[in-house]
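Only one chain is given next, in structure tokens, and it is the form predicted on its own.
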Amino acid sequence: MIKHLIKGGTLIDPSRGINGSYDLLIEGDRIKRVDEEIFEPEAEIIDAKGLVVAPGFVDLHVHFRDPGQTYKEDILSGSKTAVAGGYTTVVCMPNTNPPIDTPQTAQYVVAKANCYGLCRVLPAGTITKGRKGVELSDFYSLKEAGCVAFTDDGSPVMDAGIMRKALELSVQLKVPIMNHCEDDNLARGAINEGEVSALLGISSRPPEAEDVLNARDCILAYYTGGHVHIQHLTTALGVDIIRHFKEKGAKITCEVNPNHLIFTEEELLRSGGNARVNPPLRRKEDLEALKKALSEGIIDCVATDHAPHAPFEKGRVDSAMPGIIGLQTALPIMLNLVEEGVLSLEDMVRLMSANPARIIGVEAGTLEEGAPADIVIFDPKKEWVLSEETNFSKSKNTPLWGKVLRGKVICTIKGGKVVHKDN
């Protein structure tokens, strides 16, 4: 049986309250032992001196565009990008072609990812058939096929009756219902309603479009007892709404996209279409509210919403496809918040591993003995540039392209196997 011994690193495991210098022994696909000093002559040594050793990251929100739009990304390129960013488990959104609204499509995603064996790719099934918002999908068969959540991401569920039924089913199936909260009757434009939209003369997506649907879903979760997961929260009022209903005992979790923690709407003036995303980049006041909510524990996890697009789809701001790639840039962005004092390093790891694993109920996000050997080793100080040489995605739509980033994944281990090593 293959053994790996990670030595000399700073091991951070929020699930066990561990933060210090420890060795970690891997035997086969499981963690065998964690101790201050381990001697194992048969093990291959991985020198982690000066590095951080943490549970592999878990991302609840990625787009691998497979099946149907593999010119932007596919399961192989997406998996390579994930492990290069330290992610060992990701949840794929169902807005593919065809959408993940049948067991066959869900099984295709799982089987293809298992073929490559780089990271665990878990599908989210659609809430409604064809993501059309009219008829509920067969949640039972989709869960049996491997779906760990349900969402019509990109197409908000506008019918409150449909959402109510979905949340009632979530109680029985013990899975979260995720919703992209933007009211289609209000969010008809391209960017945030504010100074930049007025300056450019571009139609807008006002913050109330998000807040209205966010409040509706929190109310429905409160009354049904279902688990609603609010995707990519962006507004200050949204934080207050979620805080209120959490205090009332509603089963609510939420995520924030790292890009909404560093960019405001003004980034559109610098990066054009590459800064267009839905929900849009907001005001500085919203950004600061999100950071505060992270530090207070109101926001449960970080999710990249990794959304690859080809260059021809990211031209003018008003016509660009919305989305930013994020799997390889999430760690540097989050480490920047640690540097600012917004979060501790332990908080950051919790938000990127233990918490998202708990939300979807998978065995991940821990370095406990006997747990799967899903591990990330990173250098919090190493500087690098996202470029053609370092990017693993098929796409490069991000304002951070060509920028110096601080914090690099050195090694990613999935199921005891080294799946990524920094050159």
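Start at 1 and count along the sequence shown; that's the residue number. Computed from a predicted structure; not experimentally measured.
The next section is about a form of this same protein that is not shown, the form predicted together with a small molecule.
Asks: Specify the contacting stretch among 241 to 249, 284 to 292, 84 to 92, 151 to 159, defined as having any heavy atom within 4.5 Å of the small molecule in the predicted complex.
Replies: Stretch 151 to 159 is the one.
Asks: Indicate whether Gly323 is a 4.5 Å heavy atom neighbour of the small molecule in the predicted complex.
Replies: Taking the distances in the predicted complex, the answer for Gly323 is yes, it comes within 4.5 Å of the small molecule.
Asks: Since only the chain is shown here, I'm wondering whether Glu210 would be in contact with the small molecule in the predicted complex (any heavy atom pair within 4.5 Å).
Replies: Looking in the predicted complex, residue contacts with the small molecule do not include Glu210, since no heavy atom lies within 4.5 Å.
Asks: Does any heavy atom of His309 come within 4.5 Å of a heavy atom of the small molecule in the predicted complex?
Replies: Heavy-atom contact with the small molecule at 4.5 Å: present for His309.
Asks: State yes or no: in the predicted complex, is some non-hydrogen atom of Thr264 no more than 4.5 angstroms from a non-hydrogen atom of the small molecule?
Replies: Contact with the small molecule, no.
Asks: Identify, from the list Ser77, Asn278, Asn336, Ser204, the residue with a heavy atom within 4.5 Å of the small molecule in the predicted complex.
Replies: Spelling it out, the residue with a heavy atom inside the cut-off is Asn278.
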